[in-house]
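Only one chain is shown below, in C-alpha cells, and it's the form predicted on its own.
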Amino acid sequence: MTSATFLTPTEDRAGHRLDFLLVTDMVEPGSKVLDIGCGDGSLLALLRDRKGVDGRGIEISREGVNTCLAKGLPVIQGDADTDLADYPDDAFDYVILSQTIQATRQPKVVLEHLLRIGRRAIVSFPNFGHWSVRFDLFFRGRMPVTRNMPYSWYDTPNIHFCTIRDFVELCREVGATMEKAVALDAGGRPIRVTLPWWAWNLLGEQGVFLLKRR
C-alpha cells in the first residue's frame, strides 16, 4: 500500500514552485540569463536543467551565494540597487527579477537597468492590491501577512509595496513593452480568463511580466 502524495498549492510534484515554472516557460532554450536576487538558486537550477541556459546569478546574502555555489551555479554576491550599473548594455538575453523589486530602494532605476542589460526582462512580485490584503487593512486595520508577504510590518524586507496596476503604470513610464503579463492566484496558478487590469489587481496574488524595450 502506497501513501498519498500531498502537494503544497504553490508547487508541482517535483517540488518546483509554480511561478518558477511559469518564468521558465518564458525563457527560450540556450539563452544567456542573469537572475538577480536568485536566493538559493532554485530558479537558476531549473532554467539550467530544463532550458539549458547559460545562467548567472546575483544574490545579496552570503548564505544564498554559498548554497548556489554548492549547486554548481555561477553566482556572485551583489546588490541590485548598486551593482547593476556595472553591467554593459544587452549583456544577456533575459534578466530576471523574481519577488525582489519590492525590496529594492529604487525600483524604477532597477527596472531601467534590467531593460538595458537584457534584451528582455522578467519581473514577478507580490500584489499588494489583492482582495485579502485589502480585507486586512479595511476590516482589521492591520498590515497584512500572507503567503507571498509573510513578514510582519516591523521586520519585512519589502519597502516598496505595489499593485499590479502600479507596475503596469511603471512599465509605461520607463517605456517598456509588455510581451506577456500573467496574474497568479493564491495557489500560484495563472488566472486564465481575460480580465481587465482592475480585476487582475483584485484577484491576483502575484504578477509576472515579460518585458522588452520599445
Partner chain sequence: MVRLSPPPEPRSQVDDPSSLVARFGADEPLMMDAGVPLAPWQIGYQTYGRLNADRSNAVLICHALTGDQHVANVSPLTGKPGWWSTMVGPGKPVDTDRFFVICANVIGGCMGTTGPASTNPVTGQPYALDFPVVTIRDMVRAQAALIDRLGIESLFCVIGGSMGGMQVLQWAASYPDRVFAALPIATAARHSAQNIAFHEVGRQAVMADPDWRGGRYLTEGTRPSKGLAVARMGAHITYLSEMALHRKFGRNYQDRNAPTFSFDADFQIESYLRYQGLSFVERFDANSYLYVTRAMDYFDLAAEHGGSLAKAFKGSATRFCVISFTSDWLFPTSDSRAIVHALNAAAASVGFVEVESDKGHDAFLLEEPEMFAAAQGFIDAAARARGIA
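Residue numbers count along the first chain shown, from 1. It should be emphasised that the depicted structure is a prediction, and the values quoted were computed from it without experimental measurement.
Keep in mind that the form predicted in complex with the partner chain is not shown, yet the notes after this line are about it.
With the partner removed from view, the residue among Lys180, Arg147, His160, Lys32 that has a non-hydrogen atom within 4.5 Å of the partner chain in the model of the complex turns out to be Lys32. Interface residue among Val65, Val53, Ala176, Val168 relative to the partner chain in the model of the complex, by the heavy atom within 4.5 Å criterion: Val65. Figure note: of the listed segments 112-120, 83-91, 128-136, 96-104, the one touching the partner chain in the model of the complex, with heavy atoms no more than 4.5 Å away, is 83-91. Although the partner is absent here, Met26 lies well away from the partner chain in the model of the complex, with no heavy atom inside 4.5 Å. Of the heavy atoms in Lys71, some are within 4.5 Å of the partner chain in the model of the complex. When contacts are judged by a 4.5 Å heavy atom cut-off, Met143 does not count as touching the partner chain in the model of the complex.
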